[in-house]
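Starting off, we have a lone chain in the form predicted alone, written out as structure tokens.
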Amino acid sequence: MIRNEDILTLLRSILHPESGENLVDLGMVENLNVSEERISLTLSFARHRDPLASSLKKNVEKVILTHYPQYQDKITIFIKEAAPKPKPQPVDREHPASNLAGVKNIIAVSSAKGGVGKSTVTANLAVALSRMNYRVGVLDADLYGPSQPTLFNLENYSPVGEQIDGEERIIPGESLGIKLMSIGFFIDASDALIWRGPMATNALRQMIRQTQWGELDFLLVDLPPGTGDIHLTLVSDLPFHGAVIISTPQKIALADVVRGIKMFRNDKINVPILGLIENMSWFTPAELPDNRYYIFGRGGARELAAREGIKLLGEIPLIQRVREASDEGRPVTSEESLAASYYEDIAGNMIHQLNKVR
């Protein structure tokens, strides 16, 4: 006679693809009943319409039949799923979460295309705003490529938790007067972050809801490239007051920018686009100060901005000192230089556009 324990032993060989644990230890096997006539059980899933339900059901049936072929057509597997989640409510920009109540303006910095210098621009905009006597924070939401700890020389910062007003809060790092929170604070810099979508969004939500920002005039959110799950999580959880989009001049980058524009203009998102910034616009050698070399093309962002009815906030050339300062952990805007002036002008233009849409 086959016992329940015999079947449970078999099912312990089936691992859940996301957690790596077996179905039995995860508590997913319920109501197991074994008789000579039939084997029946229930697979319990924590998510409504779990995409893994069908494949795991087939795996369970397969492993049982491999050892007990006499139960062909005598196995019944029920699927139990969690109730559907309630439809998310629109973000209330006037009454944000308690840890964001002191933040006046939340700005998304997006690129849609990777490799256009979005994080460097974000860091320098933050410092430019700080030099204008604004209180500034940066949320590094680029979970798979967090750059802000390096840009602000906070790679060794370990966040601490505090009980504030009865709630657990995470204290952000601080450099050059900028408050900073990043997933890079919680993982080893040499480790690859191998997370599925739900794990990534859960980590991001924890940073959003628990970081103790205090009083800020601006919170800049450094978004990852693309227009996927993480972006949807951010726009559903954060009361954005505007978005800034970074691009380089070439067509392949601008094509992705159009997708980013459409995302923010979507009826369900509806975040005002404050403007477009063209990065790496041209290169001027120090020994030839009157020359401009348009390595990645010329005027692409300006043309796109005009076509989409978006303000061009500014153009930033390729400047060696920008890269050097970033590697040193002190964004170039912390210095008095021509390079800094580009970001300062853009910060002023961004504030002007923000005042127009508020």
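Model, not experiment: these values are computed from the prediction. Quick note: we count residues from 1 along the sequence shown, nothing fancier.
We do not show the form predicted in complex with a small molecule, though everything after this point is about it.
- In the predicted complex, none of the heavy atoms of Q212 sits within 4.5 Å of a heavy atom of the small molecule.
- Within 4.5 Å of some heavy atom of the small molecule in the predicted complex lies at least one heavy atom of G117.
- Though the partner is left out of this view, G300 does not reach within 4.5 Å of the small molecule in the predicted complex, counting heavy atoms only.
- Although the partner is absent here, N279 is a contact residue: one of its heavy atoms lies within 4.5 angstroms of the small molecule in the predicted complex.
- Using a 4.5 angstroms heavy atom cutoff to the small molecule in the predicted complex, all of I316, R323 and S326 count as contacting.
- Heavy atoms within 4.5 Å of the small molecule in the predicted complex map, among the stretches 68 to 76, 119 to 127, 203 to 211, 162 to 170, onto 119 to 127 alone.
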